[in-house]
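A single chain, nothing else alongside it, follows as structure tokens in the form predicted alone.
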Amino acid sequence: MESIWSKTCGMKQRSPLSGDLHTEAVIIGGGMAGILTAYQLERSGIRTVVLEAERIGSGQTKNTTAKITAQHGLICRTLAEKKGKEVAAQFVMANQIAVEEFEKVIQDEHISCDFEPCSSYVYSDNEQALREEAKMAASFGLPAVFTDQIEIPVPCAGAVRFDRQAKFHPLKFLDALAQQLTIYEQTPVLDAEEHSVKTASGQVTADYIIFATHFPFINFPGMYFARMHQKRSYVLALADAGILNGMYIGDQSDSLSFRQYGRYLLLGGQGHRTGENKDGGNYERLRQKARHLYPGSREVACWSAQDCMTADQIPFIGHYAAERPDWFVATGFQKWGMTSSMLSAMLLRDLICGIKNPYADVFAPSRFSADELSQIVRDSGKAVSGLTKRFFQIPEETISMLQPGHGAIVETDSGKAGVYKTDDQKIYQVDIVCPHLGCQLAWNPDERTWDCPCHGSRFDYKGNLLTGPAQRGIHND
């Protein structure tokens, strides 16, 4: 499975770190957030090094739908109810500034990345909610209106339209921007202490350490593992589905996402919590919707994305923890990684340079709310369940019972193990304990991976690490 972005952009390869070095700032993670933060820091005169475990953009960036928008669902009403209108206004205005910064960077650096200004829409069956959202967003100074003129073939009462939003090719943008930065690829970070970052091939000492790894892998301090969970969703790229001018998303958890890239329509949906996909079928259900909505279209690519979800729908951007004043973090982007990445870069730049940013407090990881407490309780329940299964669940199958092309937790001569049987009867056996915090993994039949329902780590059927916060694979040695 390869995204349309990966299929249409080759990335320059960079060498791994070799030996020790010192710099002013080191960024762990070479996705959109990490590269943009490095760019903003370098422009501000801060010498910066990026360490990437694989290739830049190879994590969540390559799997985005690449919408650059301040419209994060019906976020104005949601935040106004939970945190007050002032916080809601600051949140959306900060994101609108990030949208505008993308266009500025693209123009300043003369980047060819299929950037296209367009309108963004959130659709719903609830006309009153839409009208209230549009009115509130407009009162905050955003280019928002209610409209019943929409292009997508789904029944709804209308949509809130945000003008002056945009879309682009994320990997073309990332590759061009990275040309002027110091980046080491194939350099996974093993640990971080105070002002040093350790890798297998050298140590980087720095005045500032920035964690831009999607999900932070240092558990203490910060405890981000208890403050977020991860969700997966699926995308099809369709040819011969017509041309869509705007970008659309619904206000319900089972709504579809629509966005045009060139001659391809990107249709997304079927979201679920990572590790909770026992029965599978998400791609096929999305394909059925595609056949219904766009008869005659054909699939040219399919892929999935993973998002870190916070309890209050606001990312964690700022100081990692009070005990580490020179550590910084950018995580919890919900489903809005592009805008949140630019916002992170701007906020972290200002924090490190000692510039007061009027939006910093809204995104500060040190904030706490009742919503977060209830989410922690729910996520703790997931963790307890995962640990309980590890010790007490009795597998229902043995290797001989497992059908070809399927994976499951089975009973072996040496105890429980995760087993995948290929169509030609080859067996791949792995440890089913997540090396992050010990939860029992679950088989994902849609993608033939082992996924952690507690914190979202993922591994392929051979045991290789795909997505953190785990830092190593689950090979059954």
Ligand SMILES: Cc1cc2nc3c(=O)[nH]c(=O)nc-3n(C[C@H](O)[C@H](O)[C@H](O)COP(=O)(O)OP(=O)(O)OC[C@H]3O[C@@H](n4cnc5c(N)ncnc54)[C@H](O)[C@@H]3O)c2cc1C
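Just so we're clear, the structure is a prediction, and the values are computed from it rather than from any experiment. Each residue number is its position in the shown sequence, starting from 1.
Keep in mind that the form predicted in complex with the ligand is not shown, yet the notes after this line are about it.
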item: Interface segment, criterion being heavy atoms within 4.5 Å of the ligand in the predicted bound form, picked from 405-413, 418-426, 443-451, 27-35; value: 27-35
item: Contact of Q60 with the ligand in the predicted bound form (heavy atom, 4.5 Å); value: yes
item: 4.5 Å heavy atom contact, D307 and the ligand in the predicted bound form; value: yes
item: Proximity of V329 to the ligand in the predicted bound form, heavy atoms at 4.5 Å; value: no
item: 4.5 Å heavy atom contact, Q471 to the ligand in the predicted bound form; value: yes
item: The ligand: the contacting residue among R227, K335, K83, H319 in the predicted bound form [heavy atom, 4.5 Å]; value: K335
item: In the predicted bound form, the residue from L348, I314, V235, V122 that sits within 4.5 Å of the ligand by heavy atoms; value: V235
item: Within 200-230, the residues that have a heavy atom no more than 4.5 Å from the ligand in the predicted bound form; value: A212, T213, H214, F217
